[in-house]
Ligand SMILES: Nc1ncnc2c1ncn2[C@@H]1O[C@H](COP(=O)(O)OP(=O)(O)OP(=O)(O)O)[C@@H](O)[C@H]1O
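Only one chain is included here, represented as structure tokens and corresponding to the form predicted on its own.
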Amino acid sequence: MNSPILSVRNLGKRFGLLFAARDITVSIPVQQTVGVIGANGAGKTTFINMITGHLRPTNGTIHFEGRDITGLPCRQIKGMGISRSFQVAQIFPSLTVFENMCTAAAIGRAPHTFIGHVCTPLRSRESVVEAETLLELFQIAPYRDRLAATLPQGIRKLLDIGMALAGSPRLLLLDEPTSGISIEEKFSLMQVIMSALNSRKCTVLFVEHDMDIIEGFAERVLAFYDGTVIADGTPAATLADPRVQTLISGPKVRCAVGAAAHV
């Protein structure tokens, strides 16, 4: 059996007397797509922040591709092959779409040190090729010369996630990729995202509040409550769990009618 790409054991984070995360033990196989659900304050973002180095765990361990990355700084973790997007798109509003992507591609290829970032040219042949490839992959090439500040919300999301994919990470964590997107656009947006990530053979963890999106795009679902995982399984099994229905999704889980047309 292959080793998991990500292995978390007894992970916890405490702020004073408050436990934001506790007793999290999870293993993620290579190229699995995992949905992460839970109410606000359940520990989902704390979990992602610890994996990506934005928060140092109070206890427990995190292994990525067999290497202990517990408590390492986020820049070093990104250099090892873990990337993320945020709920609010992290883009440069005064640059064009192409300039944003080219910058991300250059940084993704640079040595992950301060000097490496400062000295890396933003318009090398390699970074330009990578930027053009990502624009096509995320279907935003028609917006190439638009200023990022003028983009519709859905295109901003695609640009942000495309920038996170620059540098070819093996593990990508997405924090609410469909937040702020209309119901009519959510499935088509998520289809573009997952098609792009699958083509790069990327392992994906995505936080999501829309259960139809979870049902339509996750292979596995982690349900968080009170800082820990209360259910872990297929979407059908996790969303049918009585604790999940009581504490997270509600007593009646909707059928993902829209997903069937897009998956």
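When you see a residue number, it is the position in the sequence shown, counting from 1. Computed from a prediction, not measured in an experiment: that's the story for all the values here.
Not on display, but discussed next: the form predicted in complex with the ligand.
S.K.: Counting non-hydrogen atoms within 4.5 angstroms of the ligand in the model of the complex, say which of 42, 62, 218, 204 makes the cut.
M.R.: Answer to the contact question: 42.
S.K.: If the cut-off is 4.5 angstroms on heavy atoms, which of these, 87, 188, 182, 124, is the one near the ligand in the model of the complex?
M.R.: That would be 87.
S.K.: Just one of 63-71, 194-202, 33-41, 230-238 has heavy atoms within 4.5 Å of the ligand in the model of the complex; which?
M.R.: So the stretch in question is 33-41.
S.K.: Classify residue 248 as contacting or not contacting the ligand in the model of the complex by the rule of any non-hydrogen atom within 4.5 angstroms, answering yes or no.
M.R.: No - in the model of the complex, heavy atoms of residue 248 and the ligand never come within 4.5 Å of each other.
S.K.: Tell me, yes or no, whether residue 18 is in contact with the ligand in the model of the complex, where a contact means a heavy atom of each within 4.5 Å.
M.R.: So residue 18 counts as contacting the ligand.
S.K.: Can you check whether residue 132 is within 4.5 Å of the ligand in the model of the complex, heavy atom basis?
M.R.: Result no; residue 132 lies far from the ligand in the model of the complex.
S.K.: Test of understanding: in the model of the complex, would residue 99 fall inside 4.5 Å of the ligand by heavy atoms?
M.R.: Residue-level check for residue 99: no, no contact with the ligand.
S.K.: Thinking of 52, 78 and 160 as one candidate spot, does the ligand come within 4.5 Å of a heavy atom in every one of them in the model of the complex?
M.R.: No, none of the three is in contact.
S.K.: Enumerate the residues of 173-210 that have a non-hydrogen atom within 4.5 Å of the ligand in the model of the complex, in sequence order, or give none.
M.R.: Read in sequence order, the residues that approach the ligand (within 4.5 Å, in the model of the complex) are 176, 209.
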